[in-house]
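So this one's two forms of a single chain, laid out as structure tokens and tagged structure 1 and structure 2.
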Structure 1
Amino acid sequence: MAASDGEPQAATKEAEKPKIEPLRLPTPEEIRGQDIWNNCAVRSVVSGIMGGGLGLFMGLFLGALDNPLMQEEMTAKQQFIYTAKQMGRRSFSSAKTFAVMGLIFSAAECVVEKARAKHDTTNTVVAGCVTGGAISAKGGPKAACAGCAGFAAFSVLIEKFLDRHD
């Protein structure tokens, strides 16, 4: 009886052991792809293009929500034309802003990450500060400082929400 009692225990011990997955090395194509993506210029341009696309869609959406001031006096055709023009203006403006924002943020974060050889929240703070300061620099030094602090804080909040760094 003792031998039969020991057999189920041995079987459960084997079942409890975690299975070790074999290590898979990356293919040469994957290595080339990683090398290309690790280039700061490529990463920045792609982020700028993606930011421009996001801004385009946001501008289209927000431009459609604008109501003309003289809405009661306009015909349906005039309202449609006004809304279409407003959507075009808003989408172009938002696309430019988001493209510049994505390009600057990505470039700053990549350069800081390469210089520090670390991937942590400090890179996000510096990139947010550079981006906010650059975008609001036209307003003067006070605006640049406020933009730096605000965008850095916003970047950290988004980073913590997405939890990219351990």
Structure 2
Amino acid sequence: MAASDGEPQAATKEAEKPKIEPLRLPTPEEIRGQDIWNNCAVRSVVSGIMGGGLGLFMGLFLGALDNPLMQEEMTAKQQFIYTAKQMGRRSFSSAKTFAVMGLIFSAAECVVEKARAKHDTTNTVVAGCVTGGAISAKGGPKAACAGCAGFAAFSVLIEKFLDRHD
């Protein structure tokens, strides 16, 4: 009676027990590890490096595409070397541009998000405006405004596109 009732009860209790886990608060080391990614400087540097990598590949690709066909006095090997040098130059300048863009955009977005304490598209708009304005500031205030608006719209589109994939 007691034994036959006790065994299935004990079995269900044993099956129920492992499901409920105690609350495990994060240790200070875990919090410190997560805080590294919350640091604006670290984030912007990593974004700059990633932008530099992206710029490198894009520059290689585009530099390989537009090689002017030189005159026939260059042999095939010389033409190849010339094309390779042009690709390298193009990719280096493109990498620099993209790295600066990524750095400024990430730093601006990080600072704005920390100040507002909200995760919105407004952060992306402001960061895009700052980046576009900074890049095209040499052309005067009108060019800066146009760059700001254009880059902000571009960033919002990219953000919406990336969000839709999730």
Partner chain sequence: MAATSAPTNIEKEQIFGMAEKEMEYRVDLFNRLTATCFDKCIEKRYKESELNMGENGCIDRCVSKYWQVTNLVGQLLGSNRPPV
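Between two forms, the rigid core is defined as the largest C-alpha subset superposing within 1.5 Å. In this text, all values refer to a predicted model and were calculated from it rather than measured experimentally. For residue numbers, the reference is structure 1: its sequence is counted from 1.
Q: Just checking, which of these two is the form predicted together with the partner chain?
A: Form predicted together with the partner chain: structure 2.
Q: Superpose the two forms on their rigid core, then report whether the C-alpha of residue 53 is displaced by 2 angstroms or more between the two structures.
A: For residue 53, whose C-alpha is compared between the two structures after core superposition, the shift is less than 2 Å.
Q: Would residue 24 count as moving between the two structures, using a Cα shift of 2 angstroms or more after superposing the core as the test?
A: Residue 24: C-alpha displaced by 2 Å or more between the two structures.
Q: Can you give the C-alpha shift of residue 33 between the two structures in Å, rounded to one decimal, after superposing the rigid core?
A: Between its two positions, the C-alpha of residue 33 lies 2.6 Å apart after core fitting.
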